[in-house]
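Just the one chain here, laid out as structure tokens, in the form predicted alone.
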Amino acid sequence: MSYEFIEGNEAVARAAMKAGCNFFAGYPITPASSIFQSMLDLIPSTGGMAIQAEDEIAAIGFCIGAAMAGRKVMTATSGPGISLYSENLGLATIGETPMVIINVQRQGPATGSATKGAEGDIQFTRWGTSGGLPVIALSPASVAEAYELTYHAFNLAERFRVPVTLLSNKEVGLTRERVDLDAIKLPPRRERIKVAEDEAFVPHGFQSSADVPVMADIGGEHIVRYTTSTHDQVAKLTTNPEIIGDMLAHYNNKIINHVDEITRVKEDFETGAQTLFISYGVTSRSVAAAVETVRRKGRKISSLVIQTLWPVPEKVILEAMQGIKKVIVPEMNLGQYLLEIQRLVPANVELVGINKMNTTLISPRQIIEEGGLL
């Protein structure tokens, strides 16, 4: 074993290198800046490149260009930077551009509290670009999970040709923990599937709408068209409603039809339990402590920790609610993921949201008291 005492942001950078990241662009912003510093330290030794852009808009633009030229790319920011990323995230979506975005969340809105944590960007991540297309977003609760899920984010970005967001936060990113990164089991690294040099290339080619097109590097042997406007499979602009509808169905179905493959959760179920916690991110650690306390008192209780926030793992959530009478959803916001659970919970099940948005963590005691588990 080889234990280290590192923070979540450093673990993110280390995972990016493990996943084959060879391009990083960012702009310093608390509490994400140590990811930038770690990438500046790590990436040059592998022949990669780390750039400080003039602002966040340029940073994500650099990443789009590098990704389409064949690089595995990552950027990292927080609150205001995510807002500035919005337009280019739409470009990356319509251009089917694989990239990883790290959002180390802090208290908002606007510049908010730069040195304080929160998890208030959950719905913004889902709906923060025009068009309303589905996204992939993962949520770690610890340094080890920041490492593991960042690695998975790269694999998912390459698998589905999409931007993938890691929704970390200040508490995960800037907290140091003892961790053995080498002991974390990871799947094989997914490499980009590219068209052969002697094959015809269609930039957005698919047979079934859920197919993921192969890629070609801009500047290589093939002509690669890339546009921010509605286009057909060869990336030529179009106003044809049927073609536009087919392309939008493709962007949607290549994610929605593979929800089971994308879904990552942690289950701690107890037979006979009638109360279920559903949590994510750093708050799931307080939930784990609350579950332990309640069980010591002889009460049965179950817990579902969601690591894939988007797309919503509806099938898993519905299965977890079988036989449940009360569902408790604690969040470091005013109830953003509760809205997704509300759509799924049966009419005879009580739904309780426990919310806190004052920059401090939700404690196990608060969860137990407000959840009616005393």
Partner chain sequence: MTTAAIATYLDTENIALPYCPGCGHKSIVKQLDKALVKLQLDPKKVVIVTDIGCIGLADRNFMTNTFHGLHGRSITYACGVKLARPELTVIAVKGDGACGIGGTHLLNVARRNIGITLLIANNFNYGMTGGQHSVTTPDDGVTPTTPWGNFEQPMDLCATSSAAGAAWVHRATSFDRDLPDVLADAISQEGFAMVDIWELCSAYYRPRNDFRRADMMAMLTENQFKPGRITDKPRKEYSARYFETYQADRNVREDRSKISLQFEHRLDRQMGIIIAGSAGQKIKSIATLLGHAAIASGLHATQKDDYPITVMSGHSLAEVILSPHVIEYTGIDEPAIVVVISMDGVKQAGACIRALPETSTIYAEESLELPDTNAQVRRFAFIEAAKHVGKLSLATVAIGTVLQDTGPFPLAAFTAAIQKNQKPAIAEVNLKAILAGAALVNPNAAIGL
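Numbering follows the first chain given and starts at 1. It should be emphasised that the depicted structure is a prediction, and the values quoted were computed from it without experimental measurement.
The following text describes the form predicted together with its partner chain, which does not appear among the structures shown.
Could you confirm whether E242 comes within 4.5 Å of its partner chain in the model of the complex, counting heavy atoms only? E242 lies outside the contact set for its partner chain.
Its partner chain contact at G353 in the model of the complex, heavy atom, 4.5 Å: Output for G353 is no: heavy atoms all beyond 4.5 Å of its partner chain.
Using the partner position in the model of the complex, report whether H204 sits within 4.5 Å of its partner chain, counting heavy atoms only. H204: no, not in contact with its partner chain in the model of the complex.
Does its partner chain come within 4.5 Å of any heavy atom of E171 in the model of the complex? The answer is yes: E171 has a heavy atom within 4.5 Å of its partner chain.
Residue among L344, M321, A50, V312 with a heavy atom within 4.5 Å of its partner chain in the model of the complex: It is A50.
Among the candidates R192, R71, H258, R264, the residue which, in the model of the complex, approaches its partner chain to within 4.5 Å (heavy atoms): The residue in contact is R71.
Pick the stretch from 215-223, 248-256, 159-167, 75-83 whose residues have a heavy atom within 4.5 Å of its partner chain in the model of the complex. Contact criterion met by 215-223 only.
Enumerate the residues of 43-66 that have a non-hydrogen atom within 4.5 Å of its partner chain in the model of the complex, in sequence order, or give none. Result: P44, S45, G47, G48, M49, A50, I51, Q52, A53, E54, D55, I57, A58, G61, F62, I64, G65, A66.
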